[in-house]
Structure formats: structure tokens, C-alpha cells
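The form predicted alone is given below as one chain in C-alpha cells.
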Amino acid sequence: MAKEFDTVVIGAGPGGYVCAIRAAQLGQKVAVVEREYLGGVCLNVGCIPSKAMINAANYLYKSQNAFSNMGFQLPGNIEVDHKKLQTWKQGVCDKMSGGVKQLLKGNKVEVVMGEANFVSKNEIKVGSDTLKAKNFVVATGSRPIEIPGFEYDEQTVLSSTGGLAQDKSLKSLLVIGGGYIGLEIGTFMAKLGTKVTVIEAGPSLLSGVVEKDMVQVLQRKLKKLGVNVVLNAKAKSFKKAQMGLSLSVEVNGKEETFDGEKILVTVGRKPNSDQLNLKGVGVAIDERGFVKTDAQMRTNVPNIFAIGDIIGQPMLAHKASHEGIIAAEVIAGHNRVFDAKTIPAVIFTDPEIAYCGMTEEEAKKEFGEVLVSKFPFGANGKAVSMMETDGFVKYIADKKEHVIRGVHICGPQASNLISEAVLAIEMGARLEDVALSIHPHPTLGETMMEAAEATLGHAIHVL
């Protein structure tokens, strides 16, 4: 017999499990279907394990490059037990995934493990089980894009999943793709002692995503870490070589070869919209493979909703979670729409990069005259004491009203600092609102206040 529910969520990633919990809180009978692991890519092979590895590598890097300046003399070289490091990383993931399991159980959400396929708009099959529901929420995410000739085997050619699972030291790594995933993994690998080469097809790292002045700061630090960045370069093929692999690359129209032990391919992700038989039940999908939804997360099939990576950029966990809450509340009869003014993005490189709102170019196009200024972390006492002075906080405001239109941060703990900027933009705050708000000293947060002051033309701690 078929099991019947008010709402069935397909996919238990940061969009799906949040949606399921919120739906249950609103009194619905809910099931969530997951084919692999609770918490999805983010908690198991993406956001969480990458941050764990980045954090571990930062400890090692500081011990090797900062401790002696502080007077700490460490005996001998620090050796990395990669198997133990992987065990620790997996423990972090398991703890988070286990937490999701407990949250679902505590909210009386039924968990069904297996692969879902739509039979009709009100019915799915999961193995031999049949689940019927008044509403469905598709939250099946995305997967790494493969490029011809570089198919993933997770031994020689790695996806981000394989890149995070290396249990032995790599002498060298070739990274194809200069986006945030490749740079995050490449950075922590470099700090663990791997010689990293980044091959980017475009003229810049993080092309079209991040302000150029932030990329310049990042490139200087990558050079300091020994990372070789090759721009305007297209990977063509690879073969076995004495050093492991030989990668053939077209650089500015000329062929060059680069040697490495393994290849990491990080050229983006694509939505899993070719699964579940979505087209079979009439769900509209655009030419890029994204499911079409309205501002309430509803597809063209009224009782089928979709959230997260599968409905389009930006492919970010926090966006998916927000959309999941909206979908659950709409299904429960609440008047909700997606109306966020900005979605923050964070790149966990060294230094970290975080941004929200408009770029300088976008603001000029819309408002004409704008106010732009930066406050450097080198002028912040807390950053100096941390020995992390690379980067700045940059504000963009319209000149007439001084309303904050964009904030771009490159520096220590940018990922934490950006939330204040998000709140400011959502509330329509002006530069004066931030500049006149007393920030505690000594903190990195002071840079947010001082950058606002600098944009107004009366910075205290920088000329």
C-alpha cells in the first residue's frame, strides 16, 4: 500500500531537510527522500568537509609561518598524518549529518532512503515503496560538470569529492578551473605541502564573480603560497608520465605541458534535473537544465515545488535553506515570496572573500555617481595582532542618498563580517547608519564601521 503524506521533500541537503522540518513545524505530515546521505553534498562532501580541511591547513600554516615571530619555538618539523586527518574530517561530517537525523526525527519527519522517481504529479516510487502526497518539493541539487577527456575516476582525475578525500600526501596537483571550489581546495592543499598549479581558461581567477581588486590581493597570497596560476589556458588532454601525469594545455594559443601527480577538475556544477522523471510529469526545465519556478518556489505543475541548486544560480546552501522555508510556508497557506534584496557569497580562500549587493560597475550603471572607498585590514589592531593584514573592506553607495548598495570584503574572517552588510542592505541602511553605530574595540568588526566612515570621507585610522 502507498504511504500518504501532506508533503514529500525529495533530497535531504541544506534545502530539503530545512524544508521538511519547517513543513512539519507547520503541522504537515512530512516525508523526506534521500538517496545517499542526510545533509546532502554540503554536509558530507562539500561545504563542511572543505571548511574542516581549510581550518586544519590554516593551523599548520600558522605553526610554520607565524609562531616563530610570536616567540614559539616548535621542535622539529610537523608531520601530517593524512589518514588521521581524514578520519577527523569525517568525524566532523558525521556529527553534522547525525544532527540532521536527530532534527528530522524530533520533528516527526519520516526519512525514506532510496532514489525517487515521479509516477504522476501526486505519486513517486522509491524502490518498491510508493509515496503519495498533496505536494512535492524537489531539492535534489547539482553535481560536478565533467569535461571530455577528463572523466572522473577519483583516482587520477578528481572531482571536488575526491579532492577532499585524499588520505596521503600529494607532491603536486593540477587544478583545472580557477573558480571558488578549485581555489579553496588548491589553497589548503598548498598549505599541506602540495605543489599546486591552477589552469584557468579565462583572463582572471574568479572571473565575473569577484571585484578585480579583491582578486589581486588573492593572487598575491597564492604566489606567496607557491601556487602557480596559469591564465588564458585551456586543458586539452593528459597522459601518464614519469612524475605521474602530463597535462597538455593551450596557453595564449601555444601548447605547454604541466606535470602533476593528480588532476582536480572544478569547472562548475550542473543541476540534477535530468533525474526523477521531472519532464515526464510536465515540469518545465530551461535550456540550461534549471527547473523553472516562480517567487513562491512553485513550478508550472502547481503541487510540485523546487528549491536550491536545481532552480538556478547562485548555487549556495544558504539560498537553498531560505527557499526551503518559503516553499514549506507557501504549502502551509502562508503569504510568502522570495524577496531578498541580496544573497551573500563567501569564498574560503586565504584571505577569505565575501560580498553582497552590487559591484561598483553595476552601481554606476544604475545610479550614475557613486561613493566608493576601502578600509585596509592593515590599519585594524585586531588584524595586526592576528598577523592577517591582507585585504580590505569596500563599500559602494549611491552618492545622492548614501544608501549602501554593495559591500565587498577580502580579509580575515570575511565570512563572518559579511552578515552585517547583508542586514544593512536588507534594511536599506545608509553609510551614516553603520558609521554612527558604535562597534566594539579591538575587533575585526570595526573595519565595517571605519570603511563606512572612509566612504563618507572622514576615516580616522587611515589617510
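Numbers for residues come from their place in the sequence shown, where the first is 1. Note that this is a predicted model, so its numbers are computed, not measured.
One more form of this protein, predicted together with a small molecule, exists but is not displayed; see below.
For a residue to qualify, one of its non-hydrogen atoms must sit within 4.5 Å of the small molecule in the predicted bound form; all three of E34, V45 and H318 qualify. Proximity to the small molecule in the predicted bound form, taken as a non-hydrogen atom within 4.5 angstroms, holds for one residue of I181, V109, L247, L131, which is I181. Contact with the small molecule in the predicted bound form, judged by any heavy atom within 4.5 Å, is made by just one of R298, R269, K191, K89: R269.
Looking at 134-142, 377-385, 67-75, 95-103, the stretch with residues near the small molecule in the predicted bound form, meaning non-hydrogen atoms within 4.5 angstroms, turns out to be 134-142.
Taking non-hydrogen atoms only, E115 approaches the small molecule to within 4.5 angstroms in the predicted bound form. Contact annotation: A451 falls outside 4.5 Å of the small molecule in the predicted bound form, judged by heavy atom distances. Contact annotation: Q413 falls outside 4.5 Å of the small molecule in the predicted bound form, judged by heavy atom distances. Residue contact check for A20: none of its heavy atoms lie within 4.5 Å of the small molecule in the predicted bound form.
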